[in-house]
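Let's start with one chain on its own, the form predicted alone, as structure tokens.
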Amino acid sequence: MKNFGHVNAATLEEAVSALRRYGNRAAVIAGGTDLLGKMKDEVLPAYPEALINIKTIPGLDFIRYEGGTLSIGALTRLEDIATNDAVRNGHAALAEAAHRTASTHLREMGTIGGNICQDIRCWYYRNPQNRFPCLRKGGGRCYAIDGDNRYHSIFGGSVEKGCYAVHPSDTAPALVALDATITTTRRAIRAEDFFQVSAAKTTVLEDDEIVSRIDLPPLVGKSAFVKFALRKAIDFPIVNCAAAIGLSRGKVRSARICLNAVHVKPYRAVKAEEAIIGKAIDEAGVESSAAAAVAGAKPMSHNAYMVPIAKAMVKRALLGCK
């Protein structure tokens, strides 16, 4: 690794000040499970001049209820979320998503804030020594379009001229389905508006903006999260799905369904939600909803197999809310 500066921030204000001082030449580090790997492999064209350590800021690691709202600090470890009874009982989709993220050791290090802000896993983007200067790095092309796109988007691309790398988070679709709000040092953002695709960015965060907490409203109903990966432990998802369902007299009165790892950002399946409203969560109801979820799929040359997997994930997530 190359030399870099290191700032142990004592407060969020101090961290923001350091980020402003360095501009886009600095990076925030918490658990470091994503960032350190990128630095060791020299994935990006520009190496950070400084890391702003926010683990030294007190008060950002918590899980508590405030007026019925579940609040989670940005530095809360994934393992703590996965095993917390309040999260498991009131927001099961998030607890299961945290539990299915990576390995036990990584969950003991990785934070919820880092998990939703993590970078893409495309093997062209992640190739060591910046071997492929792709669109997400300000280069001229997406190598996956004509190359190996087995794990890329089945719902089209983004970024000018098209980037098809998928968003890799497990907790992100749960937060979208649960209608969470993400609070930063500057503003409050609904989870479904938090994710963005641009050069070397996966969120709407500005260079001097840091996630501080996540708030989830009370869920009147049930939620579930399912994941398909080659290995149950450690692997990133090939497809995952979270659903939050409100029931009335055995019929669905409200639904939020979000797929991930199938698009450049978490993919809210609005058509699937519309298809299940007013129906029972039975085989016929979930089949029509799952079919609607993938009706607009546009798979690439090597990833058509992901379409039936996505359909199956929607069905299983909905049945998990029964």
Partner chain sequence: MTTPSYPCPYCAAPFGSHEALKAHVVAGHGAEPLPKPHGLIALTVNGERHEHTVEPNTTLYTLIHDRMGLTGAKMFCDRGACGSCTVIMDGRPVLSCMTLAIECDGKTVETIEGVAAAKHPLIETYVKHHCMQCGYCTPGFVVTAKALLDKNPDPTEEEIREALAGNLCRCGTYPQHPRAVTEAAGLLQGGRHEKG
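Note that this is a predicted model, so its numbers are computed, not measured. Residue numbers count along the first chain shown, from 1.
We do not show the form predicted in complex with its partner chain, though everything after this point is about it.
The stretch from 164-172, 213-221, 241-249, 100-108 that comes within 4.5 Å of its partner chain in the predicted complex, counting heavy atoms only, is 100-108.
Across the proposed site, Phe4, Gly31 and Leu51 without exception bring a heavy atom within 4.5 Å of its partner chain in the predicted complex. Although the partner is absent from this view, Ala284 stays clear of its partner chain in the predicted complex, with no non-hydrogen atom inside 4.5 angstroms. Although the partner is absent from this view, Lys201 stays clear of its partner chain in the predicted complex, with no non-hydrogen atom inside 4.5 angstroms.
Shown alone here, Gly37 lies within 4.5 Å of its partner chain in the predicted complex, counting heavy atoms only.
Among heavy atoms of Arg253, none comes within 4.5 Å of its partner chain in the predicted complex. The contact residue chosen from Asp119, Asp208, Asp80, Asp179 relative to its partner chain in the predicted complex is Asp80, the criterion being a non-hydrogen atom within 4.5 angstroms. Counting a residue when any of its non-hydrogen atoms is within 4.5 Å of its partner chain in the predicted complex, the hits in 206-240 run Arg231, Ala233, Ile234.
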